[in-house]
Every structure is written in C-alpha cells, then in structure tokens.
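Heads up, the chain below is alone and in the form predicted alone; it's given as structure tokens.
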Amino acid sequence: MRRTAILICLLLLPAVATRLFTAIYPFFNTVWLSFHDWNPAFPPQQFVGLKNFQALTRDIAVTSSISFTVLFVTVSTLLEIVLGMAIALMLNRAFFGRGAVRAVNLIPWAIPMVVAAIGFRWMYDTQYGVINDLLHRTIGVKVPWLVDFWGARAAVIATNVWKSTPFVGLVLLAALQGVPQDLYEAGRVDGTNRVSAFFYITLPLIMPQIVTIGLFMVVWQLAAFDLVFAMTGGGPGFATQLLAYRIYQVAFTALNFGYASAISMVLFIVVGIASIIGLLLFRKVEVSL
C-alpha cells in the first residue's frame, strides 16, 4: 500500500512541478515585482513599496486602457450573446442546406485573430477599404474609422464580435438542442405563440448555458491582446489600448518590469471581480431553476 502511494506521488510529481513552475511561480513573482523598480537593462531591483500603484492613478494611458477594456468586454459580450442567440435559433430550425450553413457559420471563428485583424485593418482603410467604399457608394460618406477616437473603438469591438459570435452561437445551439420538444408541444396546445415560447420555455431552460458562456467570454476577452496589436497598435493615441496590450508595451518596449507587474495586478483584480460576479450570477440562476 505504501509503495503504491509513493508510485502515485512520483507519477503526479512532473505534472504538479510543471504547474507550479508555469502558473504559481509567475504569479507570486509578478506580485513581488509590482513592489519593485526593475529595469533589466539597469539592475539591481529597488524596493519602492506602493509607488508603482500610486503612479497608476496618474497615468492617463492606464486609466484610458481600463475604461476601454471595460467597454470592450461589456459591449462585445452582450452583442455576442444576442447575435449568437439569433444565429443559434436560425440554425436550430430545419431547412435545406442547414449542415452547410452551420459549417460556413464557423469560418470567422476558425480564422486566426491576427489574420482577421489585418484583414479588417485594410477593410476599414479610409482610401481603399471596402467598408468605406460601400458607404461612399450608398450614402456618399467616408468614415476615418481607424483615425477617429470613437471610430477606432467601434471598429475594434465590431471586429471582435464578428470573430467570436460564431463560437457563442455554436454553444447556444447545443443548448437549444437539449430543450425537450414536449414542452413546445404542450405550449402550442395551450395557445402559446413563438415569442412567448422563447421567453417562457427556451430562455429559462438555457439560462445556465448563457451565463456560463457569458462568463467565459468576459474572462477570455479581458486578456485580449492580439486583435489590438495587429489592427490598431493601441491607437489613435491610447483610444484602443487594452490592459493586456498596455502591459506588453510597458514590459517589453519600456522594459519597466516593476510598473508592468503593477498593471498586471490591476488586470488580475478586474478578472477576479468579473469571475466572482459571474459565479454568483450562475448560482442565482441555478437556484431559481
């Protein structure tokens, strides 16, 4: 029995050691660095206490990144759930070629984010972009999407929604297929129309899946980096800088590892708050059901 326990520990040791080295150690090292001033080009490290965190409140780039990160995640998640639900309802109905349409629906999700970002950067171009060309031909205007402050923010959010909505739709489609058809037949007998059936049968039964995918997308998009990196570079100014991109710039462009670690702690707190709210919401939905 003792030899079996030792063997189990030895077999688990590589996995536990890898997890500690790749997750636990980086986290505590980031916490440690957030209280230090460290530029690897000019060692050694110097303990500065809370100065890095105090500097965050005066850094307009960080405050702008926090506001856009919250806006980006909130608007993207809401639109992805609403549009994903519309796609799922459409794909759940029987029609000719449904299998092919389901496959085509997944194409945006299958495209790498960097490729999609570069493609949309070209499409949003004021001079030769296809989006401005369509606007000019239909209503006679051209919008400087990636030059204007709010235009760039809208363009980044729209691209993210286009890329991620098919995945949300796929998850919600799976949830819809788990709703018993007997409930719809009983509703039709009672005179329930399609709108009432959606709000009183479909929506309550798939609410746990909606909350789960919503929480997943919130946490996933809080760490978004590649879209902004390839599409706008955080510009114009700090308009489209997300927290993860700001951390990259401070750490690997300015080589200010201590300050970047302090910003990382802010991102960690934001992710933690979003996760707690999501879990409480999920528990409330489970209890109400």
Partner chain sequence: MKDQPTVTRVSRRKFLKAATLAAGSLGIGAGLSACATPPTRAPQQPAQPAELSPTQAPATDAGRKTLVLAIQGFAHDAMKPVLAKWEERTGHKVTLESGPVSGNEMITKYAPAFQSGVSPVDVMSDADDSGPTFYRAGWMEPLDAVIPQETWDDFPESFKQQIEVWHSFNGKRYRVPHEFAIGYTFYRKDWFDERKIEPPKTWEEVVAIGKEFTNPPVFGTMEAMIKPALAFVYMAYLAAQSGGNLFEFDDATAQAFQFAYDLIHTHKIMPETALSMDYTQQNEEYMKDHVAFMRQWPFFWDVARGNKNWYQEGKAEIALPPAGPAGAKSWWGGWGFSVPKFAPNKTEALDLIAFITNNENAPILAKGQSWFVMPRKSIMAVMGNEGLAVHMQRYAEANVPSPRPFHPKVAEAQSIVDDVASLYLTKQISLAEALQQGKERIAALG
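Positions refer to the first chain, counted from 1. Predicted, not measured: the structure shown is a model, and the values here were computed from it. Only the largest set of C-alpha atoms that superpose within 1.5 Å between the two forms is called the rigid core.
If you look for the form predicted together with the partner chain, you will not find it shown, but the lines that follow are about it.
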With a 4.5 Å heavy atom cut-off, would you call K163 a contact of the partner chain in the model of the complex? no
Should R2 be classed as touching the partner chain in the model of the complex when contacts are defined as heavy atoms within 4.5 Å? no
Is T126 close to the partner chain in the model of the complex, meaning a heavy atom pair under 4.5 Å apart or at it? yes
How about F149 - does it come within 4.5 Å of the partner chain in the model of the complex, if we only consider non-hydrogen atoms? yes
Within 4.5 Å of the partner chain in the model of the complex, all of W38, R121 and L255 (non-hydrogen atom): yes
Which one, A17, I276, I24, I269, lies within 4.5 Å of the partner chain in the model of the complex by heavy atoms? A17
Can you work out which of P112, P204, P144, P180 has a heavy atom no more than 4.5 Å from the partner chain in the model of the complex? P144
Among 53-61, 27-35, 216-224, 66-74, mark the stretch whose residues have heavy atoms within 4.5 Å of the partner chain in the model of the complex. 53-61
Can a Cα shift of no less than 2 Å be assigned to T18 between this form and the one not shown, given superposition on the rigid core? yes
Given a superposition on the rigid core, I'd like a yes or no on whether C9 shifts its C-alpha by 2 Å or more between this form and the one not shown. yes
